[in-house]
Every structure is written in structure tokens, then in C-alpha cells.
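Only one chain comes next, encoded as C-alpha cells, the form predicted on its own.
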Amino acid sequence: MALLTHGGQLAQIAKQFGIEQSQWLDLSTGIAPYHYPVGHVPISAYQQLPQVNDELINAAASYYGHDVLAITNGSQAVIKLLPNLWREKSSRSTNVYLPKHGYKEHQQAWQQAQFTICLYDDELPPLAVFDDHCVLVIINPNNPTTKLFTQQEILIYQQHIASLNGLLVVDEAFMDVITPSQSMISSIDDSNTIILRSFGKFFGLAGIRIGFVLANNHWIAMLADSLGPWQVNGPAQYIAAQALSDKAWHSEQRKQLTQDRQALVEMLQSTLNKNEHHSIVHTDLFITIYFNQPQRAPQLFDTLCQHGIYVRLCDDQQSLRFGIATAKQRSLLACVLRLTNLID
């Protein structure tokens, strides 16, 4: 199985460029630079096998607005599992439609399960192309393109896919920062719709590895049976329950991320050579810059790495993704950009 390139692979990058990990500014992920404050965690959370946590279930149900859910060790385990579960449920299914640019673990999982991969660009395929028992995967908003479909747009596809006895998978890993929310969670019914939600990105705690799947009772039961017990460790469950319930912190986090995103966009626009890039797109968790010249993104990636700044060179090799930076981090990034003569 080929390992895909992701952001956050700092140990590998540090070794490649010969700079100690502690000396790097890591802006390679879409993880918030501010984390939920982890206070005291009861020792029982470490000592006992993780049980079904009613406090966490209730907190997640309130936060997401849907009480039929599965708590998982991040979204990745579910992404890998879904193709085989779908094949068991719908043996005649062959085609899966995925975004050409996006989180490539989706494509790899369906490819390894021997499905036929049909890629679409920024816009969803015409309804007429879908066949019986097909699968449609939507990453909303998309990473790294930031493409966002409205709930009304996706509803049309949900109804059509349901009429074909197909499966709709919506990865909403970055939906927490979209206002107003375009989440499909409120439209989960008896159709084959599965929503994936990330915890670590918005709450800045990706290392505790926890995520949520929202679907109908049938799918949640299938996932629970396939994933088995003790999916998420006790401390992670305890921390997530506190974080999901803290509405005041949610509000402050969104406000701070918006301010920092605006400041980072302004800094990049004023610092980078305006003739080199043709667009800057963004969410409140990452910014993607598309360059005109084919080799400019790899060159800039390499230059930044030589100065201990790690950003994400996107799969298309024509764009760079920057995680949201704090004021101190922005100052360092701007200094390096100027020092390396990347302005007019």
C-alpha cells in the first residue's frame, strides 16, 4: 500500500533539510494554532478501559445537532472501512465519484477496494452521469481548494443518489468554521448518507485522535460492529466532552481564527510577488495560493523549508497551502519571505 503525502510530516521534513524539529514553524496542516485548554483529566480515564461515555455522546449530539452517531479514532479508520462495508451492502456497486483535488485517502481507499474511480473537478458531475448503486464523495469545504457547496446544492444530489440506491459520503472536516453552516447533518434520514466530522482541526487537538460519524441507525450499527470496542481512549473522550460543551470557547475560537486568517491573507498579498500567483483562496483554518508558473510552488516550498518554515506543497504541484498563523508566526513568515527576495 502506497503511503500518501500529507501535511504534518514534520519529522520527515526536518530530517530531509537537516534542521532540528524544535526550530521549525509548522504551517503545513489545517489544524487551528489555538487548542482547547486541557485541564485536569481524572486518573480513572487512564486506568480503565474506555467505556461508552454518555457525557461525550450527549455533548456531541448537542454540538452536531444529531443524536445518532459513532465516535471513532479519527475519520481515517472510517474512510478505510467504508468501501468494504458498502460492497457488503451493495454488491452491484462499481463506480465512485470523487473530487480530483482533495484528501487523497478517500480515493486510495475506494481504489484499493477495486471500485472504478470517476474524478470530478470543482463542480459536481451532472446528475445524468450517475448510475445505479454508485457512490458520491463530497469534501465540503474542500481541502485544499476551499470549494464549498451549499446544503441546497447537495440536497439535490442526495435525493438523486438515494433514488439510485447509491451512497453519499460528505466529509465535513472543516465545516466548524463555515458560517452560516452548510452541513448536511440536518438532512440525514433513511437514505444512505454518511457525514464525517473531525474534532482535532477546529479544537486544535489533532493528536488525541477522535472523530465522529453521523448517519442513520443502520449505518451507525454497521460501523460499531465493524470497528469493535475501545475505539477512542478514555482521556480523549473526557477532553472532547468538555470541549464540545464549551460554547463560549467555540465563539472565541471562531472569532480569533477569522481575525488571523484575514491578517495572514493581507500579509501574503502584500508580501508575495503579485505577478507570480493568480489566486488566494481560504477558509478560517487554511489558505491556498495558486501560482502561475509551473515550478514556482515547489521552488517556494523548498526555499521556505530551507529557512525552517514548513507549508503544504499540494498534490497538483502548483499551489501551496498555509495553515492559519498567529501574530508571532506571521511576523516570522513575512520576514523570511522578504529575506528570500520573493517580492517585487
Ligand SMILES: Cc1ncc(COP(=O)(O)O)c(C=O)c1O
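Note that the structure is a prediction, hence the values are computed from the model and not measured. Numbering starts at 1 and runs along the sequence shown.
Below, we turn to the form predicted together with the named molecule, even though it does not appear here.
Contact check for residue 96: every heavy atom lies farther than 4.5 Å from the named molecule in the model of the complex. The shortest heavy atom separation between residue 234 and the named molecule in the model of the complex exceeds 4.5 Å. In the model of the complex, the named molecule sits within 4.5 Å of a heavy atom belonging to residue 198. Taking non-hydrogen atoms only, residue 241 never approaches the named molecule to within 4.5 angstroms in the model of the complex.
When you look in the model of the complex, the only residue of 149, 219, 103, 157 with a non-hydrogen atom within 4.5 Å of the named molecule is 103.
When you look in the model of the complex, the only residue of 110, 86, 203, 174 with a non-hydrogen atom within 4.5 Å of the named molecule is 174. Judged against the named molecule in the model of the complex with a 4.5 angstroms heavy atom cut-off, the residues 69, 183 and 187 are out of contact without exception.
For the named molecule in the model of the complex, the listed stretch (113 to 121, 69 to 77, 246 to 254, 264 to 272) containing residues with heavy atoms inside 4.5 Å is 69 to 77. In the model of the complex, 139, 143 are the residues of 107 to 144 with at least one heavy atom within 4.5 Å of the named molecule, listed from first to last.
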